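A single chain comes next, written as structure tokens; it is the form predicted on its own.
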């Protein structure tokens, strides 16, 4: 109980930064207060509910039985969240694209790390890393589809002219697919480029604060970044493939989006 109270006091102290966010947003008329408070409230509730569940799962001898539905929920929520962004850009039933793309990308990279014995098969590793893989794959999927759909809309005349001259649908959007995937991956690649100089991510920071040797923390952090970027690029490629099939008819005609 004492540890719980101490943690709540720390959280209350950290929440003082919320006032800074609200004040700056109000003074500069940025307009994020409502969205921020809603997101912060949801995040707080979700983490407070998740904490006791994880505590139980971590100490359970049959943790893998509980981990499976947890990971399944991650996949579904990630697909749903990314789909909302894509549908706002004009892609109907986007969840049929986002969910499998994110799931395949995230599970491939996470499985690779476990098979190669980079991370141990323990719940305290598998579940948090699954969250990282799905969360980042979700963001990359959203960015990829948003940019791709935007490029197709903005270059519709060019695409239709190429189609009229006999070009295949694959050829007409190849350039835009490359732009979309690269654009979506830039934030993570930039973070990797400045890793250790400007950017010390949460995983390494947490391990250092827990007293883990810096070299061990660095190895895990690099491994996680490789997992994030590999899951992201796989997700982006699959999502692009599915989207291309959706925006063109079998006769290589561009549909309205």
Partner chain sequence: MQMIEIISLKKKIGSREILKGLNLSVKKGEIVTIVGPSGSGKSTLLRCINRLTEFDSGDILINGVSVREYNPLELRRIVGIVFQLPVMFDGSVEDNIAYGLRLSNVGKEVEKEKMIEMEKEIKKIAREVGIEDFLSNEATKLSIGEQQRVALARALILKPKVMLLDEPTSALDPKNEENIENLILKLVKSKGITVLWVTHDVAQARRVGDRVSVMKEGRIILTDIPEKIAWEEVYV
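Residue numbers count along the first chain shown, from 1. For clarity, every value in this text was computed on a predicted model and none was experimentally measured.
There is another form of this protein, the form predicted together with its partner chain, and it is not shown here; the text below is about that form.
- You can rule out all but one of 142-150, 69-77, 83-91, 167-175: in the predicted complex, only 167-175 has residues with a heavy atom within 4.5 Å of its partner chain.
- Taking the partner from elsewhere, residue 124 is found to have every heavy atom lying beyond 4.5 Å of its partner chain in the predicted complex.
- Although the partner is absent here, residue 4 is not a contact residue: none of its heavy atoms lies within 4.5 angstroms of its partner chain in the predicted complex.
- For residue 162, a non-hydrogen atom is located within 4.5 Å of its partner chain in the predicted complex, even though that partner is not displayed.
- Within 4.5 Å of any heavy atom of its partner chain in the predicted complex lies no heavy atom of residue 182.
- Taking a 4.5 Å heavy atom cutoff to its partner chain in the predicted complex, the contacting residues in 125-160 are 157, 158, 160.
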